[in-house]
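Take a look at this one chain, the form predicted on its own, written out in structure tokens.
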């Protein structure tokens, strides 16, 4: 039987898209047991407010459009509405921003997502090497990955030992064990995430790039806040 992942990848490629929309990428995460905050795609203001009430405040709203890859650049993201009125205002603002900055964009809706509590951020990714195939990447997220270039790599598929080595060999590993204002994180959940991503990119060779950034780590579990998947034809 076809999986959700197979169908989403096939549909995107049939539409000549080489990337998945964020809701599609997150549906694939869910199928592979990767935790993401609850979300709904709203086509109208009333659907957005209903989704926010169902998911619980505060929420995040993001444009969903196959013509908008970098959502923030067109004013397509509003973080933190805490009331129905704020959700309505955010919906209207995003729609107005996108129509102004990208007038020809096809709009599929607005993603309404529960807001994950802040904590230690990491990045988990994959890139397909022409010679070795999918390779996994792990590092601290946010400014750390850009400033320090402190990341580890392994060719997929990886083992549990490989996953723990990836985690412990970055220079910033002491932060994950608990350091000053940073609480100790759930290393088992992080290792499991790396293994699930390894399985995903190994089983679906059409994936040329995958980015789970930020992934927010807690003392118990984790949440993948943003997921990006690029395909190759």
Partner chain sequence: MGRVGSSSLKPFFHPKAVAIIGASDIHNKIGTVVYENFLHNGFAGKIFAVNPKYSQLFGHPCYPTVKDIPSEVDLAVVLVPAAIVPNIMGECIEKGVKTVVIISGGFKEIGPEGADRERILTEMSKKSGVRIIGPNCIGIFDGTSKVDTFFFTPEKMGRPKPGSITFMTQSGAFGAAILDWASYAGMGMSKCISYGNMSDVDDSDLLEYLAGDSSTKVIAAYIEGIDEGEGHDFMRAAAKASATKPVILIKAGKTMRGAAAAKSHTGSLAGTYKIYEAAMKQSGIIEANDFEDMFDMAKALSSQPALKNNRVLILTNGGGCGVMAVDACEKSGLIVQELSPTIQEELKKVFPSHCITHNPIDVTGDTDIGRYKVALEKAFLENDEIDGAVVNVLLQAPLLSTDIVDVLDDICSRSKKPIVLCCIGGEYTAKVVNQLEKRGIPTYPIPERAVKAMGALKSYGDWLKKK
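This one's a predicted model, so the numbers in the text were calculated from it and none came from an experiment. Residue numbers count along the first chain shown, from 1.
Absent from the display: the form predicted together with its partner chain. The rest refers to it.
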item: Which of 75-83, 114-122, 159-167, 93-101 lines the interface with its partner chain in the predicted bound form (heavy atom within 4.5 Å); value: 159-167
item: 4.5 angstroms heavy atom contact with its partner chain in the predicted bound form for residue 149; value: yes
item: Partner contact for residue 230 in the predicted bound form: its partner chain, 4.5 angstroms, heavy atom; value: yes
item: Heavy atom of residue 24 within 4.5 Å of its partner chain in the predicted bound form; value: no
item: Interface membership of residue 89, its partner chain in the predicted bound form, 4.5 Å heavy atom rule; value: no
item: Its partner chain in the predicted bound form - contacting residues of 209-233, heavy atom within 4.5 Å; value: 209, 210, 211, 213, 228, 230
